[in-house]
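Starting off, we have a lone chain in the form predicted alone, written out as structure tokens.
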């Protein structure tokens, strides 16, 4: 693979376009308007076609004006149809953008006979050709598409910077924004206008397909990584730029593995951002699938380990001098813990809470103290539920068993105070004193 200045400008153009889209896409995701980006990116086609038909040229200004006007009209019609009908918002978007998209294809087909207009360019873009159309700036030749997308990114940054607080409030609580005197309607249509303009700016270079991906996927990926809006904006822009780089690298290398020369760079950029989302979806520290599975597994082990300590403490309460030690098989039958019992026993042994001799499971002093705290919490919960909530003693055991695993020392003592520091639970069993 030989990297040239053409490759650099392709990546720069794609990164600028993707970053401009991702910046606004965060607010679409937060406002649950992800489909609105899809709707606008398709619905602006009639505006492009009308601009071509009326002016007979592909100048940026008439394209931008025509497409932006149709984009704002799309947002207005979606809102109006949503308010005036009983359809849900997704259905109203589908009605509007499919109709406008079909009309746009008809007009583009008509316009193609009169002006230099390639319908596939509108859909897929021609980012590979952007380094050929250059503009000389300060003695350096820069692709016009890169300058266009840079300008759009600057406008979006300025908009987000000026209205950061207002956009944040209207995205999370439009009603609160109205009570604070913030014009949520103006910000909504200003955002939709910029989404339409950003879509148009990206059409020639990356086409509508990649625009849809970059409006939503980087923002959705960032949302899996953070709950803070500022960090989400930065992360989404970085993901968008990384997708452009990885996408172009993939376009010029992956096809060669299968005997081809290359493939669509814009398409591979969309695939790259999808793959980044997939990896994040699986491995994100808080919301990733693997992380959630591991946390659930750790929680289940904690509960089983608590149940083992509680069982051992209760057995010590009731056992007679001639009673045999508890065996692992007894715990398996009593707790019905399945395969979780063995790693829970290993964990308790590592913590010094139990000792194992052959099949016997013996509590240590540390284990008995931990079991006493657990049983104390359980019986205090039973007392509180019976006394304060007037629940029947026969109904409180299962609920107390669930709550005992999440009761710390301060909550346990609060329960004791609220229940009048009882010594006996509703089942006439001794409540263990607080271990020293």
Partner chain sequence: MATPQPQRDALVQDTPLWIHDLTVAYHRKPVLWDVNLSLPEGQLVAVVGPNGAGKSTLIKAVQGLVPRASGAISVFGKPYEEQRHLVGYVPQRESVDWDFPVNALDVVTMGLYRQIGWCRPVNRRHKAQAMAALEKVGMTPYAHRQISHLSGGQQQRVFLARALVQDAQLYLMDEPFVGVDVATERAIVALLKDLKAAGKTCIVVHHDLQTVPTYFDHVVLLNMRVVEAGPTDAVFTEENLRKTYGGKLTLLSDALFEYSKNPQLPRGRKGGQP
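Predicted, not measured: the structure shown is a model, and the values here were computed from it. Numbering follows the first chain given and starts at 1.
There is another form of the same protein, the form predicted in complex with the partner chain; it is not shown, and what comes next is about it.
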The single option of 285, 324, 352, 181 touching the partner chain in the predicted complex, heavy atom within 4.5 Å: 181
Interface residue in the predicted complex among 176, 238, 249, 334, criterion: non-hydrogen atom within 4.5 angstroms of the partner chain: 176
Segment assignment from 297 to 305, 158 to 166, 341 to 349, 140 to 148: heavy atom within 4.5 Å of the partner chain in the predicted complex: 158 to 166
The partner chain contact in the predicted complex: residue 232, any heavy atom under 4.5 Å: yes
Residue contact check: residue 223 to the partner chain in the predicted complex, 4.5 Å heavy atom: yes
Non-hydrogen atom contact residue 227 with the partner chain in the predicted complex at 4.5 angstroms: yes
4.5 angstroms heavy atom contact with the partner chain in the predicted complex for residue 403: yes
Contacts with the partner chain in the predicted complex, stretch 73 to 98 (heavy atom within 4.5 Å): 86
